[in-house]
Ligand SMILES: Nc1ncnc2c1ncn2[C@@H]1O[C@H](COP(=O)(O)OP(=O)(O)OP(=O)(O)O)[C@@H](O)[C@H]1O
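What follows is a single chain, given as structure tokens, in the form predicted alone.
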Amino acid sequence: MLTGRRLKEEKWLPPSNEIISFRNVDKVYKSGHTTNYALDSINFSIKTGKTLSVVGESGSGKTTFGLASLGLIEPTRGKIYFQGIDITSLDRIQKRNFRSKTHMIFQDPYSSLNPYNNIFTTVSAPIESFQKGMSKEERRNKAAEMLDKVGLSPGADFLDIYPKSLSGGQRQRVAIARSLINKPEFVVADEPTSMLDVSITSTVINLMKSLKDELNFTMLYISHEIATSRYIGDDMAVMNLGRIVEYGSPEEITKSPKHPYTDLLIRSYPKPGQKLVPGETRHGDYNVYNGGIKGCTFAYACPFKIPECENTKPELREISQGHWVACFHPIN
């Protein structure tokens, strides 16, 4: 639990197996007469100790969801709870304590590392921020140990070099080491392999999977790649235009998708040896969504659309054990 001088009593507390909970969360961006709902009435929880994979196309709200869960952006409406405490109204001490329990692995290992800081300074930064009083020698030993864990071995040999001397895969390992050195309880990995070569991606994914099991943290893994999301996730959520439209086990969703958008997303992902055949292109007028979508977010392109889809918002409902879908006519 978070602690602080003015710990506020909450009327609602999540079950013990939930670490992050969204309650009626909107994130709205306005530019002139245009309004964009990056998050649209999100009611969702992340289970403690699990990896949740969030998939969807660019602009679906995945990164906004991750940033909001870390308190890095404020929701326009709604509440976000971490271990039962509302992170949208933390005092200074509570916010510092919350920051010490969370971290983020960014998408681009080239821009997320300061080129003027050596690897020791980069990896040990969270220690300096949250573990005051540790000597430099202790920090160097801890940083070297963490570098060993992420596969940069011997870690001591990497402490005094700079990011320019490292490959993309090595830089991302440094970023992972920095994120995990304080043993956070919750980590957001925002497309951590999208900037890496395919040959390195599997190595980094396996590394993150093994470190999660070893250090026992909860992870939100954000990606547009179905294959890596299925492999690393314990649970999967599919996002479309700011809403979660399907949720369940990665195996169930990828083998038997129930939402038409999920089905299209999976079918559009190229498979090894598959010949690409041009298909029908569906176009949607996104301007109609400027004020928030009244009905289903996929109504503009869904082949199974009925009038209800355009006029009524479908809520997530459980159609089989652990498999939830926001659709009036799920795929059989």
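The numbering used is simple: start at 1 and walk along the sequence shown. Please read these numbers as outputs of a predicted model, since none were measured by experiment.
Below, we refer to the form predicted in complex with the ligand, which is not included among the displayed structures.
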(message) Within 4.5 Å, heavy atoms only, which of Ile42, Ala38, Ile293, Leu70 is in contact with the ligand in the predicted bound form?
(response) Ala38
(request) Note which of Glu191, Asp86, Asp235, Glu185 lies within 4.5 Å of the ligand in the predicted bound form, where distance is taken over heavy atoms; exactly one does. (result) Glu191
(message) in the predicted bound form, is there a heavy atom of the ligand that lies within 4.5 Å of any heavy atom of Glu57, even though the partner is absent here?
(response) yes
(message) Does any part of Thr64 reach within 4.5 Å of the ligand in the predicted bound form? Heavy atoms only, please.
(response) yes
(request) Find out whether any non-hydrogen atom of Tyr29 is located within 4.5 angstroms of the ligand in the predicted bound form, and reply yes or no. (result) yes
(message) The chain here is shown without the ligand. Which stretch in 29-37, 295-303, 259-267, 42-50 comes within 4.5 angstroms of it in the predicted bound form, by heavy atom distance?
(response) 29-37
